[in-house]
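In structure tokens, the next block holds one chain alone, the form predicted alone.
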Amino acid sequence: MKMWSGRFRQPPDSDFERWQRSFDFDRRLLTHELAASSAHARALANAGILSSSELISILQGLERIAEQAAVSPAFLEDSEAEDVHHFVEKNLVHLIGDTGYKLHSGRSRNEQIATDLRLYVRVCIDQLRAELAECLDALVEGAQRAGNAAMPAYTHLQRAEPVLMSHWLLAYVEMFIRDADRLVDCRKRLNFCPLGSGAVAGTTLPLDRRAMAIDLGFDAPTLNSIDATGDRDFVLEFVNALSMVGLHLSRWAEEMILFSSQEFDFVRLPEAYSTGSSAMPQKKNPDLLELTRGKAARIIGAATALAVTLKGLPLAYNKDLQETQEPLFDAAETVLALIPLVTNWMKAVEFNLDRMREAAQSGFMNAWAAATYLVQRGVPFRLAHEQVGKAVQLCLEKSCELQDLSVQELRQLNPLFDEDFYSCLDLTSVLALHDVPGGTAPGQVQRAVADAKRRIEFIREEAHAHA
């Protein structure tokens, strides 16, 4: 029996009926549908709509549906169910008889799907934050293993200044911590319960909406039934947050791809996450990294699809909202599958520390330190900048580095240059010069590692508290 067939004289066109079904994808929401239905059943009993025996029968029936779904994937292969709500009602009636039809008293599928999706997104956020904590741990562990190993930092993809390799990895830690924070912000805004909103105007029965909200772990009921049934802001906000995760993963992947090329030779690709060429025997290709970069486009595309779907909808529920589910599911499942792979890649990767250190000591990356030497002797920075720039030009003509110029050559540019100039140009001194919070000086980076570990542990504890 359709949940809406009474008003119609003829059945729907068979092709249309198959085409408009959503059960093939919204079956993912079964666990949440059963939880929300149980909360609604308890509210019906408290309002005197269900007897105690009817409530027990319904709750036991819902539990049996959950058990069957857990042990038999074939149970979910239902060609008749229009959506997850119809599937539950149909099976509940099959198990307990017509009492199952009472469960739909005072509610609408409009509020059901709004509730199920909030529960789904909430669980995804908690899982993602736990996975991000593991990924962040892998990055911090890599930073700790690197110790005081140095590498070039780049601007405009040109060598800029030397930094600690640990400082470089901590840059990604900051990105992913922001992603985790965005997810928890999204969770706070979505954690309100639509149950009791009815189709659009609110339920027609005296149900305790606050009790249902508490039952499902929500902070409170939603405040407006029209908004509650038509709102998918939380879906768009969540997938936008996922697109930021994907964007950061893509930037990470791109840099690892570049650094693993023979031209850089900073990164040695782990074989367990690489493949070869069917034609060129020597190849080791960065497949995990390239697919990570590609998946980001897919996630961003899902966010765009959601925004375009929602932008022209009048209040409240419209069937168009069914089209918000597949982009949501695809984006969430893509990121949930991807992050553990990235975590394990980071645990397996090896870095060519000798090559990185060698690269950090050439290409005039100590030029700012040279200018700072003059600034500390009273030279205005703009003049110091120009004079060191002329020294660099002289080095290019002589095919040497700044430390290879003689004091006499340097004094032709500024008489303040002296023998102590050379000690400020070595790698250790250049790194130590950036001794400010957020800088690459070893002491600052050690403090940053400790702070990152503290923040990661907070993310983990908060995620587990919601699990």
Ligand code: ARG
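Residue numbers here begin at 1 and follow the sequence given. Just so you know, these numbers come straight off a predicted model, no measurement behind them.
Same protein, other form: the form predicted in complex with the named molecule, not shown, and the subject of what follows.
Undergrad: In the predicted complex, which of the listed residues (Y373, W168, F218, Y317) lies with a heavy atom within 4.5 Å of the named molecule?
TA: Comparing distances to the named molecule in the predicted complex, the residue within 4.5 Å is Y317.
Undergrad: What is the one choice in N91, Q322, T203, S243 with a heavy atom within 4.5 Å of the named molecule in the predicted complex?
TA: The residue from N91, Q322, T203, S243 that makes the contact is Q322.
Undergrad: Residue-level contact is defined here as any heavy atom of the residue lying within 4.5 Å of the named molecule in the predicted complex; does D83 satisfy this criterion?
TA: Yes, D83 is a contact residue.
Undergrad: Quick check on I113: any heavy atom within 4.5 Å of the named molecule in the predicted complex?
TA: The answer is yes: I113 has a heavy atom within 4.5 Å of the named molecule.
Undergrad: At 4.5 Å between heavy atoms, is R209 in contact with the named molecule in the predicted complex?
TA: Because no heavy atom of R209 falls inside 4.5 Å of the named molecule in the predicted complex, the answer is no.
Undergrad: Check whether R109 has any heavy atom within 4.5 Å of a heavy atom of the named molecule in the predicted complex, and answer yes or no.
TA: Residue-level check for R109: yes, a contact with the named molecule.
Undergrad: Taking 4.5 angstroms as the heavy atom distance cut-off, pick the stretch from 308-316, 273-281, 259-267, 322-330 that is near the named molecule in the predicted complex.
TA: Single hit among the candidates: 322-330.
Undergrad: Just give me the residues of 13-37, first to last, that have a heavy atom within 4.5 Å of the named molecule in the predicted complex.
TA: The stretch 13-37, when checked against the named molecule in the predicted complex, contributes S22, D26 at the 4.5 Å heavy-atom cut-off.
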